[in-house]
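One chain follows as structure tokens, the form predicted alone.
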């Protein structure tokens, strides 16, 4: 699933090619891709005629600001992908929604696993109100994070992935930030000192900014690609995620993977003592 760095990279790339373009037609090939309005036919009727004013990100959501005070929100979930193609290029068989633009190009939402969702709303808070703060928001201080963490009695790794706490972290960058901060993924959040929370705050930002600078992480399954088909380049810089049995780049100890519910956590047992 694309996380904050991948979605931020996509927003920046799409901003360059889509701002000023008008949507002239919408084809919904799979109705359940649209969650608002309640019917895909209403979506197809309402979105044409709107011009794209900006492309932003909130957590893992892409936000297209449209004229007329409308917003198009897209969550890629597990396998969603957005590409801008010329109309004559054959469609991906997994294309779920197709937006025709006034320059002859198409914004295509492809999603093999059908988990991704799209919404056309007047106010983004209709969909995004439950999200926590953005980890890169300058207003989020280390003390804020400490207060948030000590108010919970949860394991660090699953808590960092809870979008109600912080919007945008997932499996990859929670592992990487905890390694950077030297904190065990099973550590209980309410046991962190203020200094440890400050370390974690710094680590989260450092990891996310480094991943954005390298346009995100493309794993071997290649579910995440830039709109032009290029992979993100951060995979070669991962310290622990997906590196079970390999040496820790900091101390040389063997990276360990443990199961946490339906997910995994990768960590260095020497750098991140339990």
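Keep in mind it's a predicted model, so treat the numbers as computed, not measured. Numbering follows the first chain given and starts at 1.
Keep in mind the form predicted together with the DNA is missing from the figure; the text below concerns it.
Undergrad: Looking at 223, 214, 243, 205, which is the one with a non-hydrogen atom within 4.5 Å of the DNA in the predicted bound form?
TA: So the residue touching the DNA in the predicted bound form, by this definition, is 223.
Undergrad: Which pick from 199, 184, 100, 77 sits with a heavy atom within 4.5 Å of the DNA in the predicted bound form?
TA: So the residue touching the DNA in the predicted bound form, by this definition, is 77.
Undergrad: Can you tell me which of 100-108, 83-91, 166-174, 132-140 lies within 4.5 Å of the DNA in the predicted bound form, counting heavy atoms only?
TA: It is the stretch 166-174.
Undergrad: Any chance residue 57 has a heavy atom within 4.5 Å of the DNA in the predicted bound form?
TA: No, residue 57 stays farther than 4.5 Å from the DNA in the predicted bound form.
Undergrad: Is residue 161 near the DNA? Define near as a heavy atom within 4.5 Å, in the predicted bound form.
TA: Contact with the DNA, yes.
Undergrad: Decide whether residue 263 counts as a contact residue for the DNA in the predicted bound form under a heavy atom distance cut-off of 4.5 Å.
TA: Taking the distances in the predicted bound form, the answer for residue 263 is yes, it comes within 4.5 Å of the DNA.
Undergrad: Is there any non-hydrogen atom of residue 154 lying within 4.5 Å of the DNA in the predicted bound form?
TA: Contact with the DNA, yes.
Undergrad: Could you list which residues of 90-129 come within 4.5 Å of the DNA in the predicted bound form, counting heavy atoms only?
TA: Stretch hits, in order: 94, 112, 113, 114, 115.
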